Ligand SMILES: O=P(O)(O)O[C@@H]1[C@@H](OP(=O)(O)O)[C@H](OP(=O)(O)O)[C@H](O)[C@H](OP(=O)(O)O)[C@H]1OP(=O)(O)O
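In structure tokens, one chain follows: the form predicted alone.
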Amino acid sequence: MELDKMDENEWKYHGEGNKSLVVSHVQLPRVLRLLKYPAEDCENPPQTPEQAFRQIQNVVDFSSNVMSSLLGEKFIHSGEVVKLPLEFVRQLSIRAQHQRPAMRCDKVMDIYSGCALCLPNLTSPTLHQPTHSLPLCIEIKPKCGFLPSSKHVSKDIKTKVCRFCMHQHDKVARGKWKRRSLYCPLDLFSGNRQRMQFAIRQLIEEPQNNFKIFKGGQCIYSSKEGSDDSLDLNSLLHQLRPYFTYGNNRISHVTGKAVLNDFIQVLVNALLSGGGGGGHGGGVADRCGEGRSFCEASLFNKERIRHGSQDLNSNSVLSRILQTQMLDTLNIEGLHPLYRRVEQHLQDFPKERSRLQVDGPYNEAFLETLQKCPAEDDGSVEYAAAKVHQYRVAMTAKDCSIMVALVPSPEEEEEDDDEGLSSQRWLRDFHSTRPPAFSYSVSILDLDPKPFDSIPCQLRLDQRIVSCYLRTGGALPKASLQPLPDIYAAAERDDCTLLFHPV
């Protein structure tokens, strides 16, 4: 990619979050992530080009020096900061504007600094397998996978119902989503196949912004915030069916229910796989008592659990994310007083902000501060700063995304699994009598550092979520409880149609 010969016509709008907008190249497996700022600042950018460069470089440093060590290098793509021609950036902004969701247009793309983060396009992987099928890529935002046990938790409900399930009530009440998701992160992080399959089924039924499916780099299944548009489950079945047809069986002989079951099981296998490499720490089986491994809001019936491991492979992507999330040992209620200690110290000694690495740099010293933080509070500002840094890292792990890329592999090549990269493995669903073989890769993205000064906002959000849940008694307006068509019911209707296809 020659930066001095950039053509805006070779790039297209890919998506955006709260702080950045992403465009992807139409041919190369590359994306550019550009900063955003409030629309009212469009004439007066809030920072200089040098500050913008430093902000993006901080993201790269945090990902490569801190999160990579905690989550595993094989899962991380840190990218690099690039300087783009300003005219290219301006034309790109115009080109992308008409494709942006209306709800995101309260912010504009940075067209003044010319700085961007260049990353691989993980929705269009290059796994180099001899197949004519386009790769599938599944994006999951797993969210927080454990219940807090800190003595600082003031509301008992927080030790029984997970943050995600409580937050659903607040989001529906505020109109962000029309319907609540019945997904519970504790089911996905459980390591139990039945619970994990149940969790993914709930993500498919109500994806919100926690689940997307891409085919050849194009999003084929997702939700839009605040939209009443129903999800086309039959279209999803049609898209997935060719990937789960075995041997000489005709496509029409594979039932919709079987397609969904196989898809979910293949995805669970990828999430449970160790993927090679060394680990930091052990498994998570002993992370909490059996009683706290269930969220009371989950619809999964505990009695349905039969035999099977409750543990996560300590090298699996879910285990590494969960271990990092659990750096939040105090909960926001216990952390906030420590934040106030640091804040007061910085008011008295502003120059200490650098020594305490409040704004970075995110280097080996920052990582060492996290790892060597004392178990007990010694009353020092150093201890308080280290706990705040641990919490910020944990929050990044709670907000990250997992990308699972799947490429169908010819069955006759399924033994040749020694040639690929460490993050690419052969995947076989060993519960199926007709297992599909896939080459796959698992990655983690969205690993930006959380601002030090966001702690008070986190406390207010936590209080609002708990208050809303307690006020409603865990109940929601009837409209939000109307279920979408069950994915298996949709699959069975699809099966009935297929029975009448001529053979």
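Note that the structure is predicted; figures quoted are calculated from it, not measured. Residues carry their position along the shown sequence, with the first being 1.
Absent from the display: the form predicted in complex with this ligand. The rest refers to it.
Remark: of stretches 381 to 389, 86 to 94, 354 to 362, 136 to 144, the one touching this ligand in the predicted complex is 136 to 144 (heavy atom within 4.5 Å). Heavy atoms of every residue among R163, H167 and L461 are located within 4.5 Å of this ligand in the predicted complex. When contacts are judged by a 4.5 Å heavy atom cut-off, E73 does not count as touching this ligand in the predicted complex. Heavy atoms of M395 reach within 4.5 Å of this ligand in the predicted complex, making it an interface residue.
By the criterion of a heavy atom within 4.5 Å, E343 is excluded from the residues contacting this ligand in the predicted complex.
In the predicted complex, this ligand sits beyond 4.5 Å of every heavy atom of R54. Residue in contact with this ligand in the predicted complex (any heavy atom within 4.5 Å), chosen from N209, S149, N234, N313: N209. For the residues K215, R193, K155, R104, the 4.5 Å heavy atom test against this ligand in the predicted complex is passed only by R104. Contacts between stretch 14 to 28 and this ligand, counted in the predicted complex as any heavy atom lying within 4.5 Å, involve N18, K19, listed in sequence order.
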